[in-house]
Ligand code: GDP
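For reference, the chain that follows is the form predicted alone, supplied as structure tokens.
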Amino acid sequence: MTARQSSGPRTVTLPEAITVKGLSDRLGISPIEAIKRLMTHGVMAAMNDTIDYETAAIVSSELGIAPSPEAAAAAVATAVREDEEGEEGDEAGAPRPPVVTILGHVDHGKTSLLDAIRETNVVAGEAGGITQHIGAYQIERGGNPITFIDTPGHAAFTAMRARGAQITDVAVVVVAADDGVMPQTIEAIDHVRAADVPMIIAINKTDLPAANADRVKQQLTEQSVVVEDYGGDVLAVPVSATTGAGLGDLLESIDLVSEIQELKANPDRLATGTVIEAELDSRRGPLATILVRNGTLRQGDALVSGLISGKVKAMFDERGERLKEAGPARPVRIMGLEDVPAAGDVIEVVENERAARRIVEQTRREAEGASGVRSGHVTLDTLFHEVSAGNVKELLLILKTDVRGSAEAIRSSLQVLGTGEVKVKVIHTSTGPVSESDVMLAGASGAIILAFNVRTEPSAASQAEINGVEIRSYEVIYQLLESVEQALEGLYEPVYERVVDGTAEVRQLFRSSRVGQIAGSYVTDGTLLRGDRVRVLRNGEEVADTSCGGLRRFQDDVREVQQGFECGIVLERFDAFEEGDVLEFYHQQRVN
């Protein structure tokens, strides 16, 4: 019999992947009951099938048992949570420098602009004057540091740009005044929106004869980016990387937007950070450029990054000078990891190297156990299941069409499908075949790609398969809209009805030092199931609604008791029974 916990709600630790049988054992219910509950959420799984943590947690929560992740996952979750708390400005936090990302179309002057700000020649070190890797640099303005991330602008490096937008506080989108808004400009804007960070427009090359800042502002309005001059809330600053004009105004705008956010972090905690880029150096081994997000990173710290552990043997700034420590929002290059991490990975400092290896080993075991678990990326078929445990209901879409007219018509129709409960957001629209760039954006934002009368490039198709991104192709508009509408039906809050499995009458009370009061009961109707919810009715009034903690026949724990038999009943968090109480055993069944 499951012991009643008088100190609070019962809890259970769950791994990242677990079999249905393993879950039922941990929750103290029959495998059949676990399978039934999974079916109500659209998950068809047999007893020996593997499900992921989120799915198992839903079943656990339904039974009134609070789920929590096991060791390795808990360590990661704690670090991420503390990181977020520090960024939001908890009481222990101190002001930290802003992280600014430079985005835009190729050859619109992003790196030249940053070069002018830093008063160093970054461009000269790049092949052909085009940025080949993400670079992270820190400058000082009036004694206050600002961290800049310079990202490549051409379509082949969309994935890098996505990572930049996701780790930034302020995004500066550079648009050449003589060239105007271009395809990668639009993609950069969509990345910023997907990352939900403030945007500043830097209208560059204003010193050229063909420069037309007003035309740029008008083109931006067509992309729903309304600058302040046109009555909007997006700052637009004319600049020239060549002459230096407007650079002070741009930095002042960055200061203003950053100040509004009140950026804070706690420098006194163990550090967490994000990998900006990484490589294997033939002499120095794995090297990783890290942006410290919270805490202070020190030489000698033990690190964990996914399935990689290590120790900070040496640390350098962007000029190659050695550092002993690096605080929040500081970009550094570190040596000492056992392998090369992936760009975008989280890096965490842990207590010591032994703890690092233990966490990595636990994570590896969980990853191996989860090898057969479904991908975490959303599809139209699995949409409801993906969001059923969350409070935010949002469907992100990328729309590719043959002609612009079709794009506008479909986009308008899709957005009408949204309601107060469900948001439909088309984060990017363009004409032409589905490209790797589209797949990268979908992977970064968790979006689904809808392709109307266009093909998918082979490289994009293989990339989508690797990353678990769904591409849906259509030739008829109403079929496209119908598919999305059907997926949205699963996004609404489901309606459940209570299905009574059995009722019992309390006829005698027993006291147990281990579990508290036991209700000696007679089953008057149906079948009592140990995994059910139970309503306690007294004189027709409900006095409690909780979970069944155990059923007992004579000296045996049982999973069910049928009509006409007597049994002992223990409930979770309730033992104030009275003779004559009616116990109604039930489960919830979805009706829409």
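Numbers follow the displayed sequence, beginning with 1. Please read these numbers as outputs of a predicted model, since none were measured by experiment.
Although not depicted, the form predicted in complex with this ligand is the subject of the following passage.
Just one listed stretch, out of 459-467, 277-285, 241-249, 138-146, contacts this ligand in the predicted complex at the 4.5 Å heavy atom level, and that stretch is 241-249. A heavy atom within 4.5 Å of this ligand in the predicted complex is found for exactly one of Val106, Val454, Leu235, Val350: Val106. This chain is drawn without this ligand; in the predicted complex, the residue among Lys400, Arg96, Lys205, Arg293 with a heavy atom within 4.5 Å of it is Lys205. Interface residue remark: His428 is not counted as part of the site for this ligand in the predicted complex, having no heavy atom within 4.5 Å. In the predicted complex, Thr272 stays away from this ligand, with no heavy atom inside 4.5 Å. Not displayed here, this ligand is approached by Thr111 to within 4.5 Å at the level of heavy atoms in the predicted complex.
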